[in-house]
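Here you get one chain, nothing else, as structure tokens; it is the form predicted alone.
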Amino acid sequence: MNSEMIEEITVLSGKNRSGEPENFDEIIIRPGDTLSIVGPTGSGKSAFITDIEIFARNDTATGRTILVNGEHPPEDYIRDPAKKPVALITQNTKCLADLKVHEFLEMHIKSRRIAETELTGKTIDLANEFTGEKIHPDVKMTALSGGQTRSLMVADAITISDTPLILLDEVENAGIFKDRVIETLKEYNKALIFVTHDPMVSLMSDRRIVMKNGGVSGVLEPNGREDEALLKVIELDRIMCRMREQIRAGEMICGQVFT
């Protein structure tokens, strides 16, 4: 089994902090799916994606089990980072490698024995679609902002790691264009799970997993019923983006920003 052969990842239910069964039997994630994990702080959102990232086998506090194509995944998926089909990117991502951006990416490409020569530039170009702060190949990795680093990690997961499932833990608050990230991941047929407090990200997702007391309390599938709300949220987000850029540019905020 390799990442190219992954057709679905299944999450089998566990229990919440009170020991009660979660309110689902199984959640199946396929290429192209977009899910958001929502709930109050401390409700178990990050634990949910951590179970997926480590391929839990009823051996974590939640009691969940993760299957790949209906079976327990091979040890390589758990032990070998180069073969892991899941990329986890958090808002705390910080690179300590004192390398230039292009050197860092070239090292990763070499470690994966990839022959494509234009992959470094392709990855940087893609990362620059996710952030307003352009990333230059000759800048040191340690000099990148949080938003730039996370944008680069997302692009790397798409082009170099080429993982079929990407887990994003509240990165929408860290200087990336969340709508563009979601659109791109769908274009590349990647499965995406967002841990988020952002209404726009939640409304753009195919399914919404609601967490409470350390367990899943419900799984919502809007199936188009929230389209009107999504359009309104997108417009509000555009207004906020325009205001943010005006403030950064030292401009006064006047009424025309709302039109």
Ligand SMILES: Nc1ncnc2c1ncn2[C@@H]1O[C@H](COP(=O)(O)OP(=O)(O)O)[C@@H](O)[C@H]1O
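Fair warning: this is a prediction, and the values are worked out from it, not measured in the lab. When you see a residue number, it is the position in the sequence shown, counting from 1.
Not on display, but discussed next: the form predicted together with the named molecule.
S.K.: So the named molecule isn't shown here. In the predicted complex, which residue out of 42, 224, 70, 218 has a non-hydrogen atom within 4.5 Å of it?
M.R.: For this set of options, the contacting one is 42.
S.K.: Out of 54, 200, 210, 47, which one falls within 4.5 Å of the named molecule in the predicted complex, going by heavy atoms?
M.R.: Contact residue from the list: 47.
S.K.: Could you tell me which stretch in 59-67, 226-234, 26-34, 201-209 has residues with non-hydrogen atoms within 4.5 Å of the named molecule in the predicted complex?
M.R.: Only one stretch passes the 4.5 Å heavy-atom test: 59-67.
S.K.: Is there any non-hydrogen atom of residue 242 lying within 4.5 Å of the named molecule in the predicted complex?
M.R.: Judged by the heavy-atom cut-off of 4.5 Å, residue 242 is well away from the named molecule in the predicted complex.
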